[in-house]
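Before any questions on how it binds or moves, here is one chain, the form predicted on its own, in structure tokens.
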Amino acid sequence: MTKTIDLQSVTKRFGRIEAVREVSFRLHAGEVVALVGHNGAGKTTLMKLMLGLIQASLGTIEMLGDDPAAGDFAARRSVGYLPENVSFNAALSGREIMSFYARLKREDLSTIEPLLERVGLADAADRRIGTYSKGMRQRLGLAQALLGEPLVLLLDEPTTGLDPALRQSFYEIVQELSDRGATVLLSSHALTELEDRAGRVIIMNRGVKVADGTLTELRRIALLPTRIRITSAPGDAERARTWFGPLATWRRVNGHMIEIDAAPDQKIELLRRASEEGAPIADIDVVPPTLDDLYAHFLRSQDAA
């Protein structure tokens, strides 16, 4: 795999405060990576370090084989960035803003119209930014980040202010970029959105990387129980409660719906029992630990350590 971003033992201090401490990871072409953590965890600081907007106190950073802190960051034109709080000159129109950024990136102005169309701003392109809603400004910010088909895209809370349809459209764009080989790093608090869209998750807490891997890998490390939801057959609710014997640790019983927390080494046996002939089961759902569950687990583990 082609390496696009490489951080090695990166620390950033602001006076006596360590915003980031000894963080290391590598990202590769085609990866969609979620960078998650609470406010103050170091996510935005990491992105600013990768962009060369601030310099690391210790450690090394490479972006597309270049040092972003160098005076001539040659790879900058191949990087797209959407900050958490988008701010544009309110007196300019959306088209004028896009023209400004296109010239900065030395991109042909003919690329502007398709991008404005893609983010749903074609009809508002000639309106002043001062008349835009928060969601419209966010969409304009996304359009400028996409200028030049970047090889690396850094997105800080990118779906803030977007309605559900535009969020779906946004993630379709992310997938297209990934399919073309771009590296996409998404920082967000919307963990449920990221769960099925990021192939890898990096969890930050208090400036420290506490977990890094695919959801499957993180679930294997965390050893959290799988939630099994069982709907009993009509009239068999009581028998369903006792069907699994000592294997079952009930989490909730609500009418015909029963929830079991299954330890990793019990899951297969519970499912086998549920599929036996004569089982008083009408339906069954298996819900593995969510990204929310994993996030809370790894933060608690760090606090306990």
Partner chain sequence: MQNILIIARKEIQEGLRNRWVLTTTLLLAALALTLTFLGSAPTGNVGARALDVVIVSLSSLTVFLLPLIALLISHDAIVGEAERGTMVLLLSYPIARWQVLLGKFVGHVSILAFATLLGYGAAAVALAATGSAIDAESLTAFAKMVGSSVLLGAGFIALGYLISASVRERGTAAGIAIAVWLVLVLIYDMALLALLVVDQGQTVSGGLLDALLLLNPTDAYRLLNLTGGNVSALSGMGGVSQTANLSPSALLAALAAWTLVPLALAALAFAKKEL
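Values in this document were obtained by computation on a predicted structure and should not be read as measured data. Positions refer to the first chain, counted from 1.
As for the form predicted in complex with its partner chain, it is not shown, yet the points below apply to it.
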| property | result |
| --- | --- |
| 4.5 angstroms heavy atom contact with its partner chain in the model of the complex for residue 89 | yes |
| Non-hydrogen atom contact residue 144 with its partner chain in the model of the complex at 4.5 angstroms | yes |
| Touches its partner chain in the model of the complex: residue 81 (any heavy atom, 4.5 Å) | yes |
| Any non-hydrogen atom of residue 297 within 4.5 angstroms of its partner chain in the model of the complex | no |
| Stretch in contact, per heavy atom within 4.5 angstroms of its partner chain in the model of the complex, of 174 to 182, 161 to 169, 191 to 199, 101 to 109 | 101 to 109 |
| Output flag, 51, 76 and 93 jointly within 4.5 Å of its partner chain in the model of the complex, heavy atom basis | yes |
| The unique member of 136, 153, 97, 204 whose heavy atoms fall within 4.5 Å of its partner chain in the model of the complex | 97 |
